[in-house]
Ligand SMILES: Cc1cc2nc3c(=O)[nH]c(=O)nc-3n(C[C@H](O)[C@H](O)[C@H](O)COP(=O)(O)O)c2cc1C
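In structure tokens, the next block holds one chain alone, the form predicted on its own.
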């Protein structure tokens, strides 16, 4: 029997495949069975509703997409009262992704959220003017935010990092020192696409976050560096579309993975990765994921 279960510092998942925040909403449950997934992370929520950035805010790039959605959401109370009860109907781990424009907002948000498997703290969005990667680049700020969240909740805290920091290992260590249960690495890379007819950016805001297969080698290297440097689990993300991609992340030190923009081209990708990962492990004689983790030295 193949054991795909994962324990992320007390967060127990039936398998390592987690649906990343920001790429799906509730109607996606009609396409795949959430009960099959290890976990799902709902899109980022703020204290108050947020409109997001003006369109156009999403376009394709070679081997990926670039977006400037800007964390549009209906606020934390809508998540608690309307979204969470529906998500809880599924037999999978539910995570809340939170973001704020100050340490106080992160603290307040974490004090309100209950009845989930964990909180993912977003200090890495490149598409907002306040907070986001401006926080995530500074290990001292990441430490303070993480500490404030951990002080307000008994839930496991996952900190989602930006690849734009000068030293992502230092930032990961700061989150770990502040009490984080796990690291999520990485969020999107900053990028730019220009309309050659006008000479202006295709996205209204200008820069955006690049995701998809194009970023996988870069994200994978970040995960490898972090996994060697912290004692808490690392959840790898960035360009994972197949079970082969997932295996690279496990070999690099990931304990679990997040699937994001892959579902734009293939909505069934998360389930296929789970099934094919199991088949590969059976063929190779592996019994559990611990035998794969960090195999690359």
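The structure presented is a predicted model; accordingly, all values stated were derived computationally and were not measured. Numbering follows the first chain given and starts at 1.
Only in words, not in the display: the form predicted together with the named molecule, which the text now covers.
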- Query: Going by heavy atoms within 4.5 Å, which of 162-170, 211-219, 79-87, 194-202 lines up against the named molecule in the predicted bound form?
  - Reply: 211-219
- Item | is_contact(residue 260, the named molecule) in the predicted bound form, heavy atom dist at most 4.5 Å | yes
- Message: Taking any heavy atom pair closer than or equal to 4.5 Å as contact, tell me whether residue 230 reaches the named molecule in the predicted bound form.
- Response: no
- Query: Any chance residue 251 has a heavy atom within 4.5 Å of the named molecule in the predicted bound form?
  - Reply: no
- Item | is_contact(residue 38, the named molecule) in the predicted bound form, heavy atom dist at most 4.5 Å | no
- Checking 186, 175, 149, 226 against the named molecule in the predicted bound form, the residue with a non-hydrogen atom inside 4.5 angstroms turns out to be 186
- Query: in the predicted bound form, which residues of 2-22 put a heavy atom within 4.5 Å of the named molecule?
  - Reply: 20, 21, 22
